[in-house]
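Here you get one chain, nothing else, as structure tokens; it is the form predicted alone.
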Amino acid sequence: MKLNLTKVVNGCRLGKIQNLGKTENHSMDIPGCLLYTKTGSAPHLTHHTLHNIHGLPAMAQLTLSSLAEHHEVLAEYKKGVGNFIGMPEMLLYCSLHDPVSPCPAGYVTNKSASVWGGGGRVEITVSKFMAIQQALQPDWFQCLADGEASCEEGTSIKRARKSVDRSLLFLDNCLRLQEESEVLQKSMIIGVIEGGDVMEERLRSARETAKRPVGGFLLDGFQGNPATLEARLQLLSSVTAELPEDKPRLICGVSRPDEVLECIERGVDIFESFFPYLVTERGCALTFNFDYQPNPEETLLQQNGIQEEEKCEEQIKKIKTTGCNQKMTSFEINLKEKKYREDFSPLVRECSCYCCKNHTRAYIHHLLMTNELLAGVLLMMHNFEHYFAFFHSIREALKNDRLTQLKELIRRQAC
């Protein structure tokens, strides 16, 4: 694997990761995102409908929590999870947990960590973890780590230190077992940066992990309440400054467009794409605009005018008064609302995705009331494609020195 940076501006990294995969013939643009999956399948989508989406990421995200219970079957199969799930052409990254389903705390020891699958808790030692990875045969995999100390919990120094010590111990043991495994010789271990909100421990975790022969770094525990965002971003800047520039930086639990741009400005390369899935599950469609212009403030006012302000006020009012919409963001519209019953415009005007070209808001509203299965397919296709196009727009903005304009455009829509 080789990371080529073509541009670094104020911490933002633009480039391409080349020679990826066991055959070393894949590449991935950064900043970029992973394809979010459930048990190895894109939610709501078949293999055929998935590949009708433009801008599909080169790498899919699998979660150990959904696959740990089935590793004996995969070990007997011997061809790896990519062939098993019908995605042999895609690069695969195995994360420890599903970002959509937070795990209960209190189940990490010096010898094991736990994940939660369909059958409940699965305790995983280092040897079992590496045996599962040998059965899965991913291209990248997150190392076993103690990720219970997050930035928003006011972690004690003692607990933060313990999370770093455990994660480094797990990493050393995993690297040793990888050397002994012929199957995993071409797989890359992603080292995990822990330490909660304690600066000293975060920096120690970054420095020590960087000394190990890892393929990249996962920044864990930076997701949380928007009220603590500024403190988390300051911590993130300090951590990425300690990491080598020639290896990719991933972050987990961050997927909202406004937070993505903040993290890119602090040196993060790769993100998860669970946000489109959350939006789809709410019966909503992503409609935010990322078409930056030389003068985005004037353009946005001309395009949206009072409608944009009314949209923000309406979303805020819903959040305050309607319990079911508390998690809804200003980047989306709720197609279950009655006002879309006779709205025959596309989900996003001038969007060229399959859903916008062939179906209207009224049609999706009708499906949500009568055929949720089909509605889920169409919304998932649209939301994924819209989100992947957002990352393409980020890369174009970086090339043209327009990231500030794009960030302002997104900030205005964040409400």
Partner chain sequence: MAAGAATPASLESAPRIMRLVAECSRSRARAGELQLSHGPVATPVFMPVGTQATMKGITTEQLDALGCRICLGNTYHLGQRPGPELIQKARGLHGFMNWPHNLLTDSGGFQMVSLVALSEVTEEGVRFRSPYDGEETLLSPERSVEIQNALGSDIIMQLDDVVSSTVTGPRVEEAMHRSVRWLDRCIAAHRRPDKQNLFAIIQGGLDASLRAICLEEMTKRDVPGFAIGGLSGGESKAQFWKMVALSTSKLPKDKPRYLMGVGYATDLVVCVALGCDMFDCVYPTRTARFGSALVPTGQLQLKKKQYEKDFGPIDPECPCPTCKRHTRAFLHTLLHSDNTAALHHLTVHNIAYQLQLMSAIRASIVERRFPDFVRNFMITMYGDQTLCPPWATEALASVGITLN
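Positions refer to the first chain, counted from 1. Everything quoted here is computed from the prediction, not taken from an experiment.
The same protein has a further form, the form predicted in complex with its partner chain, not shown here; the description that follows concerns it.
Of the candidates P213, G86, P104, G120, G86 is the one whose heavy atoms come within 4.5 Å of its partner chain in the predicted bound form; the others do not. Screening L367, L35, M28, V348 for any heavy atom within 4.5 Å of its partner chain in the predicted bound form leaves a single hit, L367. Contact check at 4.5 Å (heavy atoms) against its partner chain in the predicted bound form: none of N4, K7 and F390 pass. Proximity of S352 to its partner chain in the predicted bound form: non-hydrogen atoms within 4.5 Å are absent; the residue sits far from the partner.
Its partner chain in the predicted bound form is not approached by L56, whose heavy atoms all lie more than 4.5 angstroms from it. With a 4.5 Å cutoff on heavy atoms, I157 does not count as touching its partner chain in the predicted bound form; it lies far away. Remark: A241 does not count among the residues lining its partner chain in the predicted bound form, judged by a heavy atom distance of 4.5 Å or less.
Between 186-194, 107-115, 128-136, 69-77, the stretch whose residues reach within 4.5 angstroms of its partner chain in the predicted bound form through a non-hydrogen atom is 69-77.
Residues H366, L367, M369, T370, E372, L373, L374, V377, L378, M381 are the ones in 365-402 with at least one heavy atom within 4.5 Å of its partner chain in the predicted bound form, listed in sequence order.
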